[in-house]
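A single chain, nothing else alongside it, follows as structure tokens in the form predicted alone.
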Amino acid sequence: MSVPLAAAASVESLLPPPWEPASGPSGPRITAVRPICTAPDGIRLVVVKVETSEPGLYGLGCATFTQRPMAVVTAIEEYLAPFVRGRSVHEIEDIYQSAYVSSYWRSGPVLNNALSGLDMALWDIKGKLAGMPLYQLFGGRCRTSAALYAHAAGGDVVEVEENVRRYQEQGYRHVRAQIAVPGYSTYGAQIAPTKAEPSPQPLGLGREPWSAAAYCRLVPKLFEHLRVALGDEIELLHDVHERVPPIQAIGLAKELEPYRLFFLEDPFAPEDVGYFPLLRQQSAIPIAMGELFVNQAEYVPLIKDRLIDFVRVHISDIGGLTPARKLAAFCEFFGVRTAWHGPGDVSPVGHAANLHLDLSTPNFGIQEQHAFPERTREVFPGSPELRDGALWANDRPGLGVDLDEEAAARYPFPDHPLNGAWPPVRQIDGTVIRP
């Protein structure tokens, strides 16, 4: 039944305008929400700057969806910015809830990343107004720093072992180990230069075919070698990256169980989470999952049924610090630890957000490492410090990271044949598989 225009107008008149705070003191107001694009490390980063009516007061948030950055920029500029302009910076929860449902359809990576940039920036402002680093506002530190895991890879088991040892010498006690499968595409390793290949090419980006069988035969041999060579003190991790059929992933988990991994990451794709009960029945190997999750309906059942051991979500892809704090607390009650996604396509602002949660979350597990080059730290002064296999925060108010816009402008997005998209990975017969 259609609603008369007059009736619809009368209903709208009962609602507060979008710039009116829900309650409490108004305080500084949002005057602008701007996306800033930069790529000092060659990776497309999107950072949101929220400016306020108080001179010099602003906040930064990470909205990096490196495969679709311009879609996020449009969402920020055309939808979120006008929606929140004039709102009080104190209304973080109300702004999050109202912006989240304002699109009606929701829980996708583009809109979640746009919302994350706004949400993190508001928390950054909150910390600056309080004169405290965010971990203090989240309840205080549970630890002095966040333990990291590094990424070691190689073309054979000996090269992987050497790279693990190199990280051990730098103070790391947790290392992810990946190995190249000869003749095939492999996630997390690289082709060695040859005359035919004058420069290294990342494996798994569409040049070589993928073979799940060859991969599943080789990986247990890698970890058998590493345990014999390195002993039991080093914590070893591995990322399947959702690339094998679910039943083969279960078989791989069973074969890897004797080598006592700290965790096995993403054995299934998000579309195949129904296999987790079967995996739990077959193997006691610790499981990390969630890098591609964007929706509560994806991760809540796995947590409440204790089917995973580490939650691996990319914080900006689920909407920012507001939902991530709730997720961490929810996980605590079910014995699930945090292991937030932290590669190079999380900006230093996003890494700082991860770190403040790591420091204040009792059920923290591990944090993924990315060593930003000096030029990136020039663009983002105050970036968390990597030292002795751990990540350390400064004590500046808020997230503690700033952005030099002049420096950022010197590093525009690089040209990309697929405009940033993940190139296809294919089987021998040409069939596209999950990345």
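The first residue of the shown sequence is 1; numbering continues from there. This structure is a prediction, so every number in the text was calculated from the model and none was measured.
Only in words, not in the display: the form predicted together with a small molecule, which the text now covers.
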### Task
May I ask you to check whether R312 falls inside a 4.5 Å heavy atom distance of the small molecule in the predicted bound form?
yes
### Message
Since only the chain is shown here, I'm wondering whether H241 would be in contact with the small molecule in the predicted bound form (any heavy atom pair within 4.5 Å).
### Response
yes
### Task
Give a yes or no for Q67: in the predicted bound form, does one of its heavy atoms lie within 4.5 Å of a heavy atom belonging to the small molecule?
yes
### Message
Test of understanding: in the predicted bound form, would E91 fall inside 4.5 Å of the small molecule by heavy atoms?
### Response
no
### Task
Tell me, out of Y187, Y96, F223, Y172, which residue has a non-hydrogen atom within 4.5 angstroms of the small molecule in the predicted bound form.
Y187
### Summary
The one residue among P343, P209, G251, G86 placing a heavy atom within 4.5 Å of the small molecule in the predicted bound form is P343
### Message
Just to confirm the contact call: exactly one of 59-67, 386-394, 370-378, 401-409 touches the small molecule in the predicted bound form at a 4.5 Å heavy atom cutoff, so which is it?
### Response
59-67
